[in-house]
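The chain below stands alone and is given in structure tokens; this is the form predicted on its own.
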């Protein structure tokens, strides 16, 4: 765990959950698994606050716990899961693209709350969608429920592990912490719920949904409270499935960019003759990038997607792009050359790249100091004398990818800090703008005249309005940059993970 990752985790936890949760979370990331009382003692936080913070972290899958032989429960932070919070906007946007606004809000609610029952999600999403509709229109629970089922069928949402019934009925003393289990075949099984109803609009605090004042409402007792039909069956967003979707889309885009002209001539849909299809598959299999491989010849052969090579090509393309942006096109030419030839001496680099010796040397040393390329020594004699040693330049893609990933974490942390600074600097102006907007909204609801609304709007002066526009533009740029850097992080992480699995 690098310092850059810890700092980024700290910023994300503070932004999403506040100072106390951030303090406990970062402490666990730094120290590893610890029992409750040790956490409270080391952080100087009261036991009650530590319990509440751990509840929040466990609810959002950011901390796991395990019971040791002596009955001591230890809590451990999941740093990789904390870093996934960066990707929340991308998960939500993907759900919107695939399943429209309803899918977007379902995934958003699950990410914001960590774990929820299906009935709670459906009701909340239906209410939110009804709020955005025209007066008189409402969103049916059944429609939201159908979208939830589709998300579960495609594995974008999944059930959470639960406490088995046998553990609850055990007559002995309760265990120090419950053991959670989940059967793999039940992970995407949606309970049969008959959710009948429509989304409700929020009313004023003095009236309920029927429009009656609070005083006239009958008091509900605990006895006549309706039972929750799917009580105990909680759902969460399946982040691995989203990652699979991102990976697949990345590979498809890369192949499409590489063979754009060829694929444009393809007919719309899948109505392609076998002969034409064979030609395209052969073309993909013969491509130097080797995204598609062919095994055997019986029955025309078996075509497979080579995921590891595809991810390797995408990671290499990212490294080349960074070298070009950072050091210029000549350095990028040297980098590609070393990548292609595997090992080269300095004189060979100068000759092959057709760059003067002094410039080539400067560029190689520049990339070497930044860890984009590495130097391998091959001695002719055991004494490693420089005059009797070959010095070969090479590119270790895995090492360079790790270095770039570390820099990406640093960049994101800097972007978040800059965004927070911009917002803090203009805090007074933002609060004033929000107050004015709230006044205008309440006046519009009561049917105020245009002149009155204009008068309220003029409370914000022209320079202040310009300052707000500049702030909005800067924050939007920073947000967009965060998402772009996270796309690079995802690609590099996927490649590193794939390489580690093969070793």
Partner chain sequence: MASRGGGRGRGRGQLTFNMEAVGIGKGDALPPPTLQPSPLFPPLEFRPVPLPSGEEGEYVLALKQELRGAMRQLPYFIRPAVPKRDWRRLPRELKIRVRKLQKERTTILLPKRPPKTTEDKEETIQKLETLEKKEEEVTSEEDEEKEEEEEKEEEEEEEYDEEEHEEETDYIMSYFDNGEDFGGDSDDNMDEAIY
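Here the rigid core means the biggest group of C-alpha atoms that line up within 1.5 Å when the two forms are laid on top of each other. Predicted model, so just to flag it, every value in this text is computed and none were measured. Positions refer to the first chain, counted from 1.
Not pictured, yet referred to below: the form predicted together with its partner chain.
- Think of it this way: in the model of the complex, its partner chain has a heavy atom of just one of 64, 475, 67, 36 within 4.5 Å, and the residue is 475.
- Note on the interface: of 156-164, 388-396, 75-83, 402-410, the segment with non-hydrogen atoms within 4.5 angstroms of its partner chain in the model of the complex is 388-396.
- Heavy atoms of residue 352 never reach within 4.5 Å of its partner chain in the model of the complex, leaving it off the interface.
- Its partner chain is not drawn, but in the model of the complex it has no heavy atom within 4.5 Å of residue 178.
- Although the partner is absent here, residue 489 lies well away from its partner chain in the model of the complex, with no heavy atom inside 4.5 Å.
- Although the partner is absent here, residue 47 is not a contact residue: none of its heavy atoms lies within 4.5 angstroms of its partner chain in the model of the complex.
- Contacts between 445-464 and its partner chain, taken as any heavy atom within 4.5 Å in the model of the complex, involve 446, 447, 452, 455, 456, 459.
- Once both forms are overlaid on the rigid core, the distance between the two CA positions of residue 41 between this form and the one not shown is under 2 angstroms.
- Comparing the forms between this form and the one not shown on their rigid core, the Cα displacement of residue 27 stays under 2 Å.
- In this overlay on the rigid core, residue 325 has a C-alpha that sits less than 2 Å away from its partner position between this form and the one not shown.
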